[in-house]
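A lone chain, given as structure tokens: the form predicted on its own.
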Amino acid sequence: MPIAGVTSNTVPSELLRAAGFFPLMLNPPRGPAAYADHFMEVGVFSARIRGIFHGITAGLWPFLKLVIIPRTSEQEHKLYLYLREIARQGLGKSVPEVYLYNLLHSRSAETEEYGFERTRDLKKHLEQLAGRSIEAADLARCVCESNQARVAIRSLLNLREGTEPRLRGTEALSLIGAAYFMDHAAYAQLAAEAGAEMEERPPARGARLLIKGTPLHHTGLHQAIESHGAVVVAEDDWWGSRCLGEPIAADADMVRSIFDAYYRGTSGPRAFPPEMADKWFFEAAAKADGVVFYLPPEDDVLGWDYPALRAALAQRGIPSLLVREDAAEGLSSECHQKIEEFVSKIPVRS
């Protein structure tokens, strides 16, 4: 089965699966990234985007037949442009085809129609690569499998809610994020089995915290927080609690249904419109005992919104803590002390 790498969750995996591709979320390990060091400016790209650039240009993933990058965030768009220029100049090692899924998330009739046309273009391109048409039955099967995965994820999220969560954040991030690396039908079955086992657990005790900040494609911050007796019950993050949107409608025009789900319901690295993103955040914060803002040195987005969000939480009587270190590399003893003090002072609501 040919493998197509994707960079975030706003690429419609159902189209890829229906065309016979296996969609794989690109999530390189931390480490040296020589190609990124040579070609990318310092302080502009996140460590994950730099790692993806290095992995592709250095030929570390020769199994990739295709890489699809959505225009969901500015960093992803720049990554696409940099990879195209590397390929144009022949500077990389066996760089696969790179395709831009130019999905715009601003809300207007024009951008909606534009996005639908780009989705149809993606379908045609995948059909050309596959050498066959994507049949309605293929789309229906893949949509059904994705919806089953969504149901399983919702069941896992339910185990984190309320005053007696059964699932800690460190486990949840791994279990939910596994959907990006597995066959959806197999994932749905295994996730449902895991959820059934965890329902029998005693509740996890401790301050219930929400994480807001740079997307967490690792469990470093969760492990650090929960080592001090807290429980991470949600992340305002497409790797965690916002992993998948609502089920895809089984309409006559399946391509339109798939597009609608990704245009309206899937929150990627940037959530649109901002008013809806804030609504989700404040509703989730109201159910938690406190909020941890995660703004590592590489952050260049949420830092602009942090002062207003912090002030709004304070008005609501919700305590918050700011973490400015890189959790993927391990937090300092000083940061751990701040977390411990923060958790110890939070009044846990029943």
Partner chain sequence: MAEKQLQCTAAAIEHQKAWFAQLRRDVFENQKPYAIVQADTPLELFQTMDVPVVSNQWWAALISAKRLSPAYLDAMNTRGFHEGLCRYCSLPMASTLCGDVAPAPWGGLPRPALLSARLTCDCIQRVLAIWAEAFGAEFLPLDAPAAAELPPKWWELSRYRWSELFEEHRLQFMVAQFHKLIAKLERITGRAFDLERLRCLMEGVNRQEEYFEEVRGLICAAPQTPVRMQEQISNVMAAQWLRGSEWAIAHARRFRNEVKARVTNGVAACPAERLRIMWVGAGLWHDMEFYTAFEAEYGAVFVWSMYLAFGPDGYIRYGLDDPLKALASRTVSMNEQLHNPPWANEWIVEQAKLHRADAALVLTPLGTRPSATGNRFIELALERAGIPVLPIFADMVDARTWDALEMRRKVARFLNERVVRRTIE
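Residue numbers count along the first chain shown, from 1. Fair warning: this is a prediction, and the values are worked out from it, not measured in the lab.
Separately, the form predicted in complex with its partner chain exists; it is not shown, and the next lines address it.
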item: Its partner chain: the contacting residue among K78, R154, R256, R264 in the model of the complex [heavy atom, 4.5 Å]; value: K78
item: Among the candidates P32, P29, P297, G317, the residue which, in the model of the complex, approaches its partner chain to within 4.5 Å (heavy atoms); value: P297
item: Stretch in contact, per heavy atom within 4.5 angstroms of its partner chain in the model of the complex, of 221-229, 138-146, 154-162, 84-92; value: 84-92
item: Its partner chain in the model of the complex: contacted by all of L100, S106 and D305, heavy atom 4.5 Å; value: yes
item: Close approach of F39 to its partner chain in the model of the complex, 4.5 Å, heavy atom; value: yes
item: Non-hydrogen atom contact W280 with its partner chain in the model of the complex at 4.5 angstroms; value: no
item: 4.5 Å heavy atom contact, V44 to its partner chain in the model of the complex; value: yes
item: T170, heavy atom within 4.5 angstroms of its partner chain in the model of the complex; value: no
item: Any residue of 107-126 that, in the model of the complex, places a heavy atom within 4.5 Å of its partner chain; value: S108, E110, T111, Y114, R118
